[in-house]
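Same chain, two versions here, written out as C-alpha cells and called structure 1 and structure 2.
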Structure 1
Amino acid sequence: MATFVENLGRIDRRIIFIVMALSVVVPLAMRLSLPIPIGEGPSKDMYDAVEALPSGSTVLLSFDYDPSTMPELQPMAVALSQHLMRKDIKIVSLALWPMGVSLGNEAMRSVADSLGKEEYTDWVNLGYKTGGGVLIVRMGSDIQSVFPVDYDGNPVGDMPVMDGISRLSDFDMILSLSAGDPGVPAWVMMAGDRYNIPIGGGCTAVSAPQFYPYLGTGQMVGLLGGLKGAADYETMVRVGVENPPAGTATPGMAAQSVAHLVIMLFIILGNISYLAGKKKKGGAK
C-alpha cells in the first residue's frame, strides 16, 4: 500500500493530460448540467433591470469583443437576445470591435428565427465603426450621422425599428458585452454619465473586478462576469419557458466544475504521495 501511495507522485504526465482532457470533453459531450443557484448579485441585478423594461422599449446592444473571448461572451449575447426578444423589446445593435458585428449577428439571428422576430422591425445590426469614445459622443447627438446605413448597406432612416430613435438618450438601456477597450468603460463614461442612461454589461471573468466600483456607485445596473455570469443569466432566462433552447454556458460551467474537481484530486494525491515519501525517508534515517 505504501509503495502504491508513493508511486502516485510519479504518474506519467501524459496520463494526467488525458484525464484532464476527458474531464472537459465528456461533460460537454453529455451536455451535463449541474444545478446553478441564483442569489443576489450583479447577474441577478442585470436580469431584474432588463425584466423591468416594459414591452416596446428599445435597447442598444453593443458587441465589443472578438472570437478570442467568444466562449465567455457569446452565451451572454444569446441569453440577452432571448430575454429581450421574448419581452418584445426592440434591439438596435452595433460593434466597437470589428469582429463583433458577425458574432452579434449570429447570436441575434439564431434567436430571432426561433421566436419569429423580423430584422429591421424587431432588431437591426448597424455594424462597426472605429472611434470608441468619440463615436459614442457623436451618437449622443445624432445616430444617423454615424450610421447612415446598417452593416448590409440599408438606409437606417427607413427602418421601423429606428422609429423614435435619433440619439442615445432615446434608448431605454444600453448593454455592452466587452472584452476590453473600447467597451463597458467607454459606454459608462461617454453615455451613461452624460445622458443618464442605464448601463448594463458583460465581460470576461478576469476583467470583472474592475467593474465592481461602477456597480457600487450605481453607474451600472448589473454585470455578467465570465462564464459563471453567462450561466446565471441563461438559467434565469429559461425559468418558466417550455422546451427552452439548449444553452452553452450551463454545460460549460459543468465541464469547468468537473475539471476543477479533477485538479483538486491530483493536488491531494500529489501531497499524499509527497508526505508518504518524506515519512519513509525519515524512518530510514
Structure 2
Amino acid sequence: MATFVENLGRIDRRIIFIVMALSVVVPLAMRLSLPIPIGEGPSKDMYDAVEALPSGSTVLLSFDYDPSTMPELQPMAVALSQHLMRKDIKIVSLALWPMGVSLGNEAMRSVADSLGKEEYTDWVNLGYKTGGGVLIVRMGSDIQSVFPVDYDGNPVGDMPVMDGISRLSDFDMILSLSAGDPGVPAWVMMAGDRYNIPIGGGCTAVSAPQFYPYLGTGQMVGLLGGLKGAADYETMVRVGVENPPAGTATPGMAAQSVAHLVIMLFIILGNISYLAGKKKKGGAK
C-alpha cells in the first residue's frame, strides 16, 4: 500500500496532461452546466455601476488586449457591449493594443447588428494609437488631436456619437478590458485619478489580484476578473432578456470547475505521496 501511495507522486506527467485535457473536453462536449451564483463582489459592482448610468450617457470602452487572451476578455467585450447598448448608452471605443481594434469591432458590431444600433450614431471605433499613458494624457485635453479620424478614416468631428465629447472628462465612465500594460493601470493613473472619471473594466485572471487594491480605495468602480468575471457578467446581462444570445464564458465555467477539482485532486495526491515517502524515510532512520 505504501508503495502505491508513494508511486502516486511519480505519475508520468503525460498521464496528468491527458486527465487535464479530458477534464476540459468532456464537460464542454457534454455541454455540462453548473450554476454560477453571483453574490456581492467586483463583478456585481461593475454591473451595478453600468446599470446606474442614465440612458444617453457616453462611455469610453478601451480594448487593451490581443487574441492570446481572447477566451477571457472577448466574452466580457460582448457582454459589456450588450449591456451598454441595451441601456441606450453610447460607446466610443479605442485600443491601446493594436489587435484590440479588430477584436473590439467584432464584439461591438455583432451586438449592434442584433440590437439595431447604428455605427457613428450609437457607437464608434476610433482605432489604435501607440503611446499608452502619454496618449491618455493627451486625450485628457483634446481627443480629436489624437484621433482626428476613426479606424476607417472617417472624420471624428462629424460623428453624432461624439456630440458633446471633446476630452476625457466628458465621458460618464471609462471601461478598459486589459491584458497587461498599457491597460487598467494606465487608465486609473492617467484618467481616473487625474480627471476623477469612474473607471471600471475587466482583466485576465493573472492580473486580477494586482488590481484589487484599486477596488478597495474606490479608484475602480468594479472589475471582471478572468473567465469567472466574464461568466458573472454574461449571467447578469441575460437576466430578464427574452432569448438572450449564448455566451462563451458561461459554458466554459463548468469545464473550469471540473479542471480545478482535478488539479486539487492531484495536489492532494501529491502531498499524500510526499508525506508517505517522508514518513517511510523517517521510520528507516
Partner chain sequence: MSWTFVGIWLGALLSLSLYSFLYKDNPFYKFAEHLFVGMSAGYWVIYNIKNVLIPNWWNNLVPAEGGFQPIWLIPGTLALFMLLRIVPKLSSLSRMSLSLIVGTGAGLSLTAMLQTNALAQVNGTIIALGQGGDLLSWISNIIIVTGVVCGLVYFFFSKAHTGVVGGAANIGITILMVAFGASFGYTVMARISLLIGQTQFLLFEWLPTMGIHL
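Each form is matched to the other, and the largest set of C-alpha atoms that superpose within 1.5 Å is called the rigid core. Fair warning: this is a prediction, and the values are worked out from it, not measured in the lab. Residue numbering: structure 1 sequence, from 1.
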Chain form predicted in complex with the partner chain: structure number out of two: 2
State yes or no: after fitting on the rigid core, is the Cα displacement of L227 between structures 1 and 2 at least 2 Å? no
Report, to one decimal in Å, how far the Cα of H260 moves between structures 1 and 2 once the rigid core is superposed. 3.3
Once the rigid core is matched, what's the CA displacement of V19 between structures 1 and 2 in angstrom? 5.3
